[in-house]
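One chain follows as C-alpha cells, the form predicted on its own.
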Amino acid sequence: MNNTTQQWVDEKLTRALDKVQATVPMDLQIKGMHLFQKARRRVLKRPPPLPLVETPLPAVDSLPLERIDVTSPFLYRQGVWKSYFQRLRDEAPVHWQGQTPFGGVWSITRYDDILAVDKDHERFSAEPFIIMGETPDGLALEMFIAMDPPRHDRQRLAVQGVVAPKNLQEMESLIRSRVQEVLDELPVGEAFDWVPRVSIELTARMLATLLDFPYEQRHKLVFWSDLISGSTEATGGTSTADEIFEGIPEMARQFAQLWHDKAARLAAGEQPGFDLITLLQSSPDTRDLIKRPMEFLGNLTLLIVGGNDTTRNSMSGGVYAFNKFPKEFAKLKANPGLIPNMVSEVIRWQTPLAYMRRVATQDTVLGGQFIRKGDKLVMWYASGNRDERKFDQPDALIIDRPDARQHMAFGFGVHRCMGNRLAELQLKILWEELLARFEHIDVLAEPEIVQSNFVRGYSKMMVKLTRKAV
C-alpha cells in the first residue's frame, strides 16, 4: 500500500472515530478504538508488536562502548544493571544508543547530569510520555506528569491537596490501623509470599482510600496499574496491546461511574471530601476532565501507578535490603529513631522507578555531547542513586547515611513526585509496626523480579517471620 492510500485510510477511520467520541461512553470508546486498531493493522498488513524474548545479557566488559544498551527489561532480573551503569558513568555518562527496541536513546547516568536535565523543563520536555517507548496505538493517555508548564502546574495543583500536610496528619491513624490489620493476620514461623500479602495489600488499601474507590474492589486498582505500566511497547513488560485494550474498558467504566456518582452527590449538597476524584471535580482546570477521555484516564492512571509502584516496591525492597545488610537491621532495632532516615535510604537503594524520559526541545550540549532537537533522553535515577561521585559506598544500605534524603528516586524540579511525603509516611508506619512485632524477617530465597525497564519491582519474595520476644 502506497503512502497516499495509507493516509486516506487513516483520515477516513480517524474522522469516523472523532464523530462518536463526544457521545459514546468511555469504555465503549476504548473497545471501539481496539477494533479500529485491529482493522487498521489488517488493512495496512502490520502485525502487532512481538513480545521481547529474554536471553542472557553479556558481561558489560565484553561489549564495546557503542553496543551497551541499558534499556533491556531484563537488566534488573539478571542482576547485571549495576555493572552496566557503572561503566556508562565512568566512560560515557551521556551515552547514545541508536539501536534499542524503543528507538534511539541518550542515557544520562551521573547524578549531576540527571539533576541538570530534570530541573530544566524548557530545554528538556516531559511531553508526550515519561516512559521510554510508546503507548499502544490509539491509547495515548495524557497525564500531567507528561505535560510541561503551565498546563502541568494547573492540573497538578488540582490534586496536590490530597497530600497536604493537614490531610496527611489526618490519614496517619487510618494508615496505621490498616498496617496493623495486615501485619496481625500474617503467619509466624512459616513461609509466605511477602509481595501479595503485605506490599500489594497495603498499597491497594491506600489507593482505594485516596480515590474513595469501593474498598472491596481495591485489588482492581493494582491490577490496572500493573497492566498499564507493564506495556511491552512502553517499558518492555509483558502486557500486550490487546491485553491492555481488553482490561482498560472496565477501568474507564468504573472511574466514569465514580466520577458521575460523586458529581451527583455534590450537586445534592454533600460536603466535598479530599479524595482525588472530588479534588479534580473541584478545580476549574479539571472539572470537565470526564469530557476528555484520554486525559481523564491518563491522570487517573498516573495517580494509581504513582501510588502503587513506589510504595509497594520499597516495602519489599526494604525487607530484601535488610537481609543483605543484617548489621543495618540490628542498628535499626537498637535505635528505632533512625526509621525516618532509613526510609529515605531504602528508597534510594531500591529506586522503585528506574528512570523518567525527556525530549530535547532545541539543539543543545550536555556532558560534552551534542544533542539534537527531538532526541529522547532517559534520566536513569537508578544509576544516579548509585553514583560514587555523590554517595559514599552507594551500593550499600546505610540507614544513618547523612545525605540519604538527597536521593533522586522522586525526581526534581516541577515534576518532583507529588506523593513523596505520603509514600514516606506509609513506609515509616510500616517499619514502626514491624519492629513492634517481629525480631526477624528472613528472606528464604532470591526474590523474583518483574520484567520491566521502568519499574524496579518484585513479583515474589518468600519470607518467614520470627515473633519478637515479650
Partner chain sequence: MAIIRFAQHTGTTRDVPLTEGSNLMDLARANAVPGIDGDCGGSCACGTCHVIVDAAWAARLAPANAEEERMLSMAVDRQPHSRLACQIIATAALDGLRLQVPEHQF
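These numbers come from a predicted model, not from an experiment. Positions refer to the first chain, counted from 1.
Another form exists, predicted in complex with the partner chain; not displayed. Remarks below refer to it.
Across the proposed site, 176, 435 and 438 without exception lack any heavy atom within 4.5 Å of the partner chain in the model of the complex. Stretch-level contact analysis of 125-133, 290-298, 146-154, 233-241 against the partner chain in the model of the complex, using heavy atoms and a 4.5 Å limit, identifies 146-154. Comment: the partner chain is not present in this chain, but in the model of the complex one of 374, 272, 187, 165 has a heavy atom within 4.5 Å of it, namely 165. Residue in contact with the partner chain in the model of the complex (any heavy atom within 4.5 Å), chosen from 257, 362, 393, 169: 169. The partner chain in the model of the complex comes within 4.5 Å of a heavy atom belonging to residue 402. Although the partner is absent from this view, residue 217 stays clear of the partner chain in the model of the complex, with no non-hydrogen atom inside 4.5 angstroms.
With a 4.5 Å cutoff on heavy atoms, residue 115 counts as touching the partner chain in the model of the complex. Using a 4.5 angstroms threshold between heavy atoms, residue 265 stays clear of the partner chain in the model of the complex. Within 4.5 angstroms of the partner chain in the model of the complex, the stretch 395-417 places a non-hydrogen atom from each of 402, 405, 406, 412, 413, 414, 416, taken in sequence order.
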